[in-house]
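The chain below stands alone and is given as structure tokens, in the form predicted alone.
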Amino acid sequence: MLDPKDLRRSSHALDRRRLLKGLGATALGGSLAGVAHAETVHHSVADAPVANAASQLDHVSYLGVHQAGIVNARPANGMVASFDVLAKDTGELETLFRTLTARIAFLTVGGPVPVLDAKLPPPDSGLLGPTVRPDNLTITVSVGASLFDGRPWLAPLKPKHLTRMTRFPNDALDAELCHGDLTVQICANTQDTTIHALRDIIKASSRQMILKWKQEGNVPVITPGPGGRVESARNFLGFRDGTANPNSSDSTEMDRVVWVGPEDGEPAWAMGGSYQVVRIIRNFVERWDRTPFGEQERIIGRTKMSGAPLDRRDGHEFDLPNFTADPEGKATPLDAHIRLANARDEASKAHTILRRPFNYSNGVTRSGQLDQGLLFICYQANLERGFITVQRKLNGEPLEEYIKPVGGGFFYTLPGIRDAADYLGSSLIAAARGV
């Protein structure tokens, strides 16, 4: 077990020195020296991973005004793990945040695994071998309403819209898969890297928090088409997912949609954060596969093969439907999923969310059906105006016959780690201390 006091004394600078020292002497088809500076190209969240493009050397900086893992493109693998926090006072919560920061700093940059006395437990699971590569890893930390509600010394600082996830009409929520004091979203090119990171965090923080539930998922890797154009990945209903996402490369749009600012009326410590929604949505794929093709398209509101809108069947998935020219829903039904979720009018812009979903497949249910679906994750500056409003519009849609949300929760993503001297949640800790 790692001692939190030792972890607290660790620094970002030490992790970086280990990386440069270890990777400079290690080879993986050539020298790895300088990998700490090999930033990945920034793309839209909606972009699917491209075949033969990912590398173990891909690196996303964990430093910045905002946390990583939100606006950068999804890699092929992701998971959300929810924890119960044991902190009884501000000092213990700070220790947890510093512990997480130290592990994030090392895992997302990489480096050699320390060698200790063989009589002691190993410092690392060994899943990735003697040297940890960054592998496009991002670790995003968010906190739930229960972290504040159960602690009088923290309750006054709870974000304005943060609440326990309520049950919507079509939900069948499993209590063992819902809520939590803190979530860790882990994304990387390979599944081994996400699992390695989770195990590392669990080991490092075992005295400070307890795993409550987790859900893993993935995004299909897409081969570019003619001209190098990459289409959106498909979900387990067979439709392209992410077409209507806002452009996450547009910083002005992200300030409007995702990031909390002074105009949002949130506590000062929360500036630069975002509201996170996690929904584990099971798909009844056997029932869906027996549904007529045309009905599937009418339920979703797009053509299944190309993703083009129904009023432009010869078009492309990124063509916009013209709902104004179809007021009676003759081309796109009025209760189609895409039409209810986004009416494509001026008013609907206020309810834009940034979606970052993954497909999941958990095995077989007791009734002999496939347990498959969507690990839905989205971010927005205002939870009520974003996801909650959109979901209310979707209540009663025809798609509900084929899906059933079973878990997840509402959380607040902490502001970023600004530099090597900062730590995750530092603004919250300072506010709790009245600094």
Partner chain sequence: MRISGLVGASALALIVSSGAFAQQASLDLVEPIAEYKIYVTEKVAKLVEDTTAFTAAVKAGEVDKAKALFAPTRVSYEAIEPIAELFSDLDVSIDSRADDYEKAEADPEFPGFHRIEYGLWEKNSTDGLAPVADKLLVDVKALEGRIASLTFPPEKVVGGAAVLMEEVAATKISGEEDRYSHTDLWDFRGNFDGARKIVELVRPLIAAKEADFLKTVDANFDTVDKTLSKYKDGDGYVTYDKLTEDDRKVLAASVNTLAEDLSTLRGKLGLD
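Numbering follows the first chain given and starts at 1. All of these numbers come straight from a predicted model, not from anything done at the bench.
What comes next is about the form predicted in complex with the partner chain, which is not displayed.
Colleague: For the three residues E216, N245 and R344, verify that every one has a non-hydrogen atom within 4.5 Å of the partner chain in the predicted bound form; reply yes or no.
Modeller: Spot residues vs the partner chain: no contact at all.
Colleague: Evaluate A268 for contact with the partner chain in the predicted bound form, applying a 4.5 angstroms cut-off between non-hydrogen atoms, and reply yes or no.
Modeller: Answer no; every heavy atom of A268 is more than 4.5 Å from the partner chain in the predicted bound form.
Colleague: Heavy atoms within 4.5 Å of the partner chain in the predicted bound form: does H351 have any?
Modeller: Contact with the partner chain, no.
Colleague: Test of understanding: in the predicted bound form, would G126 fall inside 4.5 Å of the partner chain by heavy atoms?
Modeller: No - in the predicted bound form, heavy atoms of G126 and the partner chain never come within 4.5 Å of each other.
Colleague: Would you check, heavy atoms only and a 4.5 Å threshold, whether A172 touches the partner chain in the predicted bound form?
Modeller: Contact with the partner chain, no.
Colleague: Can you pick out, from R98, R355, H161, K203, the residue that has a heavy atom within 4.5 Å of the partner chain in the predicted bound form?
Modeller: The option sitting close enough to the partner is K203.
Colleague: Between L334, V364, L86, L320, only one gets a heavy atom within 4.5 angstroms of the partner chain in the predicted bound form; which residue is that?
Modeller: That would be L86.
Colleague: Want to guess which of 247 to 255, 207 to 215, 221 to 229, 103 to 111 is within 4.5 Å of the partner chain in the predicted bound form, heavy atoms only?
Modeller: Selected stretch: 207 to 215.
Colleague: Using a 4.5 Å cut-off on heavy atoms, which residues of 98 to 124 contact the partner chain in the predicted bound form?
Modeller: If the 4.5 Å heavy-atom criterion is applied to the partner chain in the predicted bound form, 98 to 124 yields K119, L120, P121.
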